[in-house]
Ligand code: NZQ
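Presented as structure tokens, the chain that follows is alone, the form predicted alone.
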Amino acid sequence: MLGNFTFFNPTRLYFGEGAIKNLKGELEKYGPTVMLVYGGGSIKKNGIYDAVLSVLKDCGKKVVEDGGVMPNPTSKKLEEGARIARENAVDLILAVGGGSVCDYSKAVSISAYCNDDPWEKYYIRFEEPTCKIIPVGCVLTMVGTGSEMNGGAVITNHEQKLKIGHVFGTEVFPKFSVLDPTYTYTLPKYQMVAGFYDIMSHILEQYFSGEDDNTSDYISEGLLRSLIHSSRIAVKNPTDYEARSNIMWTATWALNTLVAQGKTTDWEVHMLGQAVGAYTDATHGMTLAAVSMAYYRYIMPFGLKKFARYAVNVWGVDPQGKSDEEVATAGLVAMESWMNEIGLVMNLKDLGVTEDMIEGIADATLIMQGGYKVLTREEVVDILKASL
């Protein structure tokens, strides 16, 4: 049954090769000072930095730079960015990068004028912003998180060994995002396929939850099939425009709140992966991949009919003469085979997790309520151990 919901997404998207030409029109809507946020400097090597800076200069903007955003943005970096934004009275934060840069920029937007400790307010107490919010725009260079069209912002606190995401309301969504698939071509394969799995995980964590057999599920199955097909092409030819553009568009729809409508959603894989990330600083998509098979095999009996449907409608498993359990199991085998095929990390040891970390990672794992099975802490430990 489809649950009741209200759907609204305020982000304007400019999609396709050459989409950067639309940036000027958006910049003209905002005041003179723009905070340019980016990561480790790859955009300076591939020419994207120069392209963006050229548009900023054409618009006569004063540019305040905040580079060096790490793949798992920290609370310390957030404090630094909030100070830069506040002291320079920036009118717009322009994120140029992947999901981490977009997440970080949204976190800065609600922290610059926050009268409380942003980490405590937003990530421990999960409160909503009550202060002035600086508008954010994105120029995307890596796909996976869907951060370009949602209110999510994940921050890591190394001192507390916590990595926590807060999904804020539509007032925190980017005002606009520029999506040019060719901007993703130079991404290293490891990061590319990690992003592919992040997309899959987003869809699955909305698909495998309550309220089955609704429109959201049918959309999700189509998105998954598109992702699987295009990922196989992109791994062999990273500059295949059709594959990369389809993946970029799938990533946005995977987490712009559309397929969550009418669903309770289950984000336990993300909670497990983020806890691993807090301890290892490993690439986000790979932490998800490393725990997924153990998690889904554990909860499969509690949502057996849905897992059987997934096997048939997404992986093409023939159900003839098979029990639901056999069909569902075959679906997970097919999923695991695809994961190995595209080069994902399949166990926690390869991410640096050791046996003595398991208890701490379990303590850092938030228990979610929306799935077919609400885990106990002991079950979290068992899943983590099975993921080693």
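None of the values given here were measured: they were computed from a predicted structure. Numbering starts at 1 and follows the sequence shown.
The protein also exists as the form predicted in complex with 5,6-dihydroxy-NADP (NZQ); that form is not presented, and the subsequent description refers to it.
Visitor: Would you mind picking the one in Ile93, Val276, Val178, Leu255 that has a heavy atom within 4.5 Å of 5,6-dihydroxy-NADP (NZQ) in the predicted bound form?
Guide: Here the answer is residue option Leu255.
Visitor: With 5,6-dihydroxy-NADP (NZQ) left out of view, which of Asn46, Thr329, Asn347, Thr33 would have a heavy atom within 4.5 Å of it in the predicted bound form?
Guide: Selected residue: Asn46.
Visitor: Go through 311-319, 82-90, 144-152, 130-138 and give me the stretch that gets within 4.5 Å of 5,6-dihydroxy-NADP (NZQ) in the predicted bound form, heavy atoms only.
Guide: Answer to the contact question: 144-152.
Visitor: Give a yes or no for Gln261: in the predicted bound form, does one of its heavy atoms lie within 4.5 Å of a heavy atom belonging to 5,6-dihydroxy-NADP (NZQ)?
Guide: No, Gln261 stays farther than 4.5 Å from 5,6-dihydroxy-NADP (NZQ) in the predicted bound form.
Visitor: May I ask you to state whether Lys306 is within 4.5 Å of 5,6-dihydroxy-NADP (NZQ) in the predicted bound form, using heavy atom distances?
Guide: Contact check for Lys306: no, nothing within 4.5 Å of 5,6-dihydroxy-NADP (NZQ) in the predicted bound form.
Visitor: For Pro118, is any heavy atom within 4.5 Å of 5,6-dihydroxy-NADP (NZQ) in the predicted bound form, or not?
Guide: Contact with 5,6-dihydroxy-NADP (NZQ), no.
Visitor: Does Ser231 reach 5,6-dihydroxy-NADP (NZQ) in the predicted bound form, with heavy atoms at most 4.5 Å apart?
Guide: No, Ser231 is distant from the partner.
Visitor: If we check 5,6-dihydroxy-NADP (NZQ) in the predicted bound form, which of the residues in 181-206 reach within 4.5 angstroms of it by a non-hydrogen atom?
Guide: In sequence order, Tyr183, Thr184, Thr186, Leu187, Pro188, Gln191, Asp198, His202 come within 4.5 Å of the partner.
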